[in-house]
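Only one chain comes next, encoded as structure tokens, the form predicted alone.
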């Protein structure tokens, strides 16, 4: 699994993420990720790259009083919002490439819509395996490839036509884990199995097509590399090309295709999946 650039997020973006993206995109995926991780009563769960915590919050009712939930994220802004929204849950700052937990600590580990941003995906996966107990489950959700996206692909095509091939690279990092066969092969190579792979189509909702373009363009360096005239042409053409997704109430609802993969940690782990730590287990 190849590397990708990691993005840092200021507090204002984390607040917007919680207010907009969680209800309009990510909330609907959380139950499917928890299903893939076999999360139920009594499960000890770690959600890595938890963001503002939608997977962890969704898990609480399933797990009950006999289980535990910890959310870990490298970005303090995301954790600030998570602590505000759910102050009773356990939120910790940590790097998925060096998780601050002992071996075999959790029954399940989840990672929703973040794997494509990890600079070293193989190491991140190895760390998830290390902290999961033998027989436990790891569940990942990632966006499908750009070619599989009926709305996002034409958007990227339009942006690249107006602003050059660089735009495709800048807007394309979100879809870099979208080859499901490659993803499953990486999990198998890491020694995981059986593997349960499902592809489903969700919905991403925006206030308008202009809002969708602004969200995608202004969250990348592309916004600083195009002039206002180019930006206006992109907005206009996207609105025309994707007009069918505008609802009578004005909301812009586009399909979002993703893969949800659950993989079981074998009863006998390889030595490479273990390391000695001195970190105390969570309480």
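Residue numbers count along the first chain shown, from 1. Keep in mind that this is a model prediction, so the values were computed, not measured.
Beyond the structure shown, there is the form predicted together with a small molecule, which is absent from this document and is the topic of what follows.
(request) Choose one stretch from 146-154, 163-171, 201-209, 92-100: the one whose residues place a heavy atom within 4.5 angstroms of the small molecule in the predicted bound form. (result) Every other range fails; the passing one is 92-100.
(message) Within 4.5 Å of the small molecule in the predicted bound form - does that hold for a heavy atom of every one of 54, 113 and 117?
(response) Checked in the predicted bound form: all three residues contact the small molecule.
(message) Considering non-hydrogen atoms and a 4.5 Å limit, does the small molecule approach residue 252 in the predicted bound form?
(response) Heavy-atom contact with the small molecule at 4.5 Å: absent for residue 252.
(message) residue 81 versus the small molecule, in the predicted bound form: is there a non-hydrogen atom within 4.5 Å?
(response) No, residue 81 is distant from the partner.
(message) Is residue 75 near the small molecule? Define near as a heavy atom within 4.5 Å, in the predicted bound form.
(response) Judged by the heavy-atom cut-off of 4.5 Å, residue 75 is in contact with the small molecule in the predicted bound form.
(message) Since only the chain is shown here, I'm wondering whether residue 26 would be in contact with the small molecule in the predicted bound form (any heavy atom pair within 4.5 Å).
(response) The answer is yes: residue 26 has a heavy atom within 4.5 Å of the small molecule.
(message) Can you work out which of 50, 69, 238, 34 has a heavy atom no more than 4.5 Å from the small molecule in the predicted bound form?
(response) Selected residue: 50.
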